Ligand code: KG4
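Coming up is one lone chain in structure tokens, specifically the form predicted on its own.
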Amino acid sequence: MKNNLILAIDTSCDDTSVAVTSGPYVLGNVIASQTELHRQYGGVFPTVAKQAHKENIAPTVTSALRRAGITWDEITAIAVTQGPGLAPALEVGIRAAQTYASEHNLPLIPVNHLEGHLLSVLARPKPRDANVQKLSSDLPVVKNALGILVSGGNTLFVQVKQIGKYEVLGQTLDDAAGECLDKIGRMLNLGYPAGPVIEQFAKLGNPKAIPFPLPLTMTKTYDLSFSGLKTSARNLLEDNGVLQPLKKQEVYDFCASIQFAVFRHITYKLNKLLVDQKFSQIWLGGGVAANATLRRMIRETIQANSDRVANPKLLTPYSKKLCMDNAAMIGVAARTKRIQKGGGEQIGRRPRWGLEEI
């Protein structure tokens, strides 16, 4: 099959990312971070994100092409995140993609951001000294895998019936796991983003120091809920409405305990899923998927149910950079659309685009 070189764009939230992919191979993946811009707000400020995307998009495209060693004449399609995400941020990437597609007479491929995270486990680094034109673009045959997406905006279990056909088996009813950790981190004055700080502090603490509750144990579904853990954390920190300062070791223990509680909830529901159903593989993607403790706890859960999974090895992105929002996963997901459906020219932003609507 003729090789497809895709230039992919992701502006779903606060990072501007552009990548060049060839089939599953990532030739260049550039991310322009906006973390410092949003730190003063304690979260992503949409209008600030939009303006930064406008300023970052052109130089990020140039950088991605240079890093990949590819010219515009070699690009065969443009891929862009259509949703879900922040509407003002999505708009910038989509308009840029439409402009580039028009200028270079290229097909435009809209991609679901969640599908990108899901398929990020299929991405591969470019082999050293490989001829790009000889890299394989063949799609892997995947049937009945279980995808686990854990990020700041989403936490869900997805049955991958085959690539492009998905069923959400369970999802958070309120906060996402990463959102919960970030909010609790702000209660502890750990700054923004707080999730990575909690992960580092948790390494110095006792995860059993504080017995946080395990949510939704009486339900038969695979859904999750993290708002109760957030409320429990706040209640423990408050005294007559005033947040109490903690000693250094107490902060470490608190971080370790709340991180364990969030991940225990995920693995409890995962265990329930594996007891009830069989899967060919288990995939893990999303920003929180970079957390080593989460990976370990999920691996332990899979091993405890190894007879329910054909391949009990946990599949994760080859680089933790591919766990965060990035354009490489968009390019990898786009090749499935290119091969199966081709590209469309006119698309609109879809801030609440679900996986099952693909």
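Just count from 1 along the sequence shown to find any residue number. Values in this document were obtained by computation on a predicted structure and should not be read as measured data.
The next section is about a form of this same protein that is not shown, the form predicted in complex with the named molecule.
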Close approach of Pro207 to the named molecule in the predicted complex, 4.5 Å, heavy atom: no
Close approach of Asn291 to the named molecule in the predicted complex, 4.5 Å, heavy atom: yes
4.5 angstroms heavy atom contact with the named molecule in the predicted complex for Ser257: no
4.5 Å heavy atom contact, Cys323 to the named molecule in the predicted complex: yes
Residue stretch of 225-233, 92-100, 139-147, 280-288 approaching the named molecule in the predicted complex, non-hydrogen atom distance within 4.5 Å: 280-288
One residue of Gly83, Gly170, Gly185, Gly153 in contact with the named molecule, assessed in the predicted complex (non-hydrogen atom, 4.5 angstroms): Gly153
Heavy atom within 4.5 Å of the named molecule in the predicted complex - residue from Ala194, Leu106, Val160, Ala261: Ala194
Triplet Asp174, Asp253 and His265 all within 4.5 Å of the named molecule in the predicted complex via a heavy atom: no
Residues of stretch 176-192 in contact with the named molecule in the predicted complex (4.5 Å, non-hydrogen atom): Gly178, Glu179, Leu181, Asp182
